[in-house]
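Here's a solo chain for you in structure tokens, the form predicted alone.
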Amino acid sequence: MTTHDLVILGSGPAGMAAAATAVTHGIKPVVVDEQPAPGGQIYRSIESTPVKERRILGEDYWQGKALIDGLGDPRIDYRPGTTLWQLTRRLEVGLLRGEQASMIRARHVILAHGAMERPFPIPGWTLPGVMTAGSGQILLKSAGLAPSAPVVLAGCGPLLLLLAVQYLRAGIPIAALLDTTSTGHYRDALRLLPGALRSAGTLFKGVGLLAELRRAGVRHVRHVTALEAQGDERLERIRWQCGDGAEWHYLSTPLLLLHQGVVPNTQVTRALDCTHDWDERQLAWHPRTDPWLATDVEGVAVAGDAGGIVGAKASAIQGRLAGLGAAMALGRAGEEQTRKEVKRLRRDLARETAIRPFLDVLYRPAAHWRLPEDDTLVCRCEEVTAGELRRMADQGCRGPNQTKSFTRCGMGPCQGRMCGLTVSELLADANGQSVAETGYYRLRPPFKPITLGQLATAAEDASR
């Protein structure tokens, strides 16, 4: 089994920045990503996107080109199209490319696998024609695919506004933007505005997106409190309310894009049994890390949105910090040597993340969006409803792993990615306990599907 000084998992902003930093300290990192090209979600397909008019995707997207160019350094062992299926506490890394599985060993690992969209379970969310906003953006960036009919976007958060504007610029009609931001959140976020002004550029970009939607005459429905997708074989229409007991509104559409923010992807850190904390502000779990972004598993660090949502620019800064941490851990740099650079990076990071408390409060999903009604599906893979989970709580189940045993909730192909947060919050609410006390699924490799034949090739490779 080949041993490498540094293995970086993920080639988004954090992973690319970590690799570039490592190289400057004489480290030859291995960068692994299951996507065919670098960039992560924010800079996805930047080298090959068919969307060539820069204004459609926006200048923030194209700024990622410098990071991606850096990944072309011959000292970086970049492995696209390669899936991570295992990582052990001994830093044994299981990789799968095509039909060939292999094992390598690392002296240090940086996890930079980013975020995933928060589950948004509403009635009818499993109908064909209902997708996430992130999926819509992936199709636009990677293939130039866009809806042929007016689309409805529903939920809250910066990504929803950005996608709406990108669609407008691409000439795609938007039937409605249904905003689920609670009325009280505007008031609560207002007191955090002075701190957010440290990230004034980001703040004004958001204001600019709203102004562009308003100038285009997009139907922007605010303070939506209930939403359903309806149809027989596929999505045919949606209905919504703005206030308890208010009139229901209906709209025919073949496509509904949902978004309720993003949360850290903790599948790998969970499987490593890193310590995790529940972040009540971001309503998500994140691995506990020190100032160098190291977890409590020796040799493993987490950079970027995988450790807590910070955004693309802050993720790149964290990647550089994690790269410096790896250089120090591997004896390639000293604390005195890097002191000045570290001070600058932490100052930049504080400025870039100053807006996060404002955004976290403003776009905090209301409880009724996170705790669906009994007949709403929560686990899409095993078709488990919210009502079944509440009945499990009534019968004494205190946490997700008990409900998994009785209902198979979380045992499907997604391994709980689409239901985990909802299950934890539902059980916490039903049992009158905190989410931290309720806990999360125990996860084990393989992280992604792998055949017995592929496992056999990995075993052969590990024995060499």
Partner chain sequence: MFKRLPLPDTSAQKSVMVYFDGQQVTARDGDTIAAALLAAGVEACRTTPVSGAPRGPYCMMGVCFECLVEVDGVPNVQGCQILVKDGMQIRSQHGARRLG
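From a predicted model like this one, the values you see are computed outputs, not experimental measurements. Positions refer to the first chain, counted from 1.
Same protein, other form: the form predicted together with the partner chain, not shown, and the subject of what follows.
- Note on the interface: of 205-213, 68-76, 170-178, 275-283, the segment with non-hydrogen atoms within 4.5 angstroms of the partner chain in the model of the complex is 170-178.
- Shown alone here, A154 lies farther than 4.5 Å from the partner chain in the model of the complex, counting heavy atoms only.
- At a distance threshold of 4.5 angstroms between non-hydrogen atoms, V221 is out of contact with the partner chain in the model of the complex.
- A residue is said to contact a partner when one of its heavy atoms sits within 4.5 Å of a partner heavy atom; P147 meets this definition for the partner chain in the model of the complex.
- Remark: W125 counts among the residues lining the partner chain in the model of the complex, judged by a heavy atom distance of 4.5 Å or less.
- Among L421, I42, A428, V51, the residue placing a heavy atom within 4.5 Å of the partner chain in the model of the complex is V51.
- The contact with the partner chain in the model of the complex, taken as any heavy atom within 4.5 Å, belongs to L377 out of A294, L377, L359, L91.
- The candidate spot formed by P36, M131 and S142 lies fully in contact with the partner chain in the model of the complex, as each residue has a heavy atom within 4.5 Å of it.
- Using a 4.5 Å cut-off on any heavy atom, the residues of 405-422 that reach the partner chain in the model of the complex are, in sequence order, P413, C414, R417, M418.
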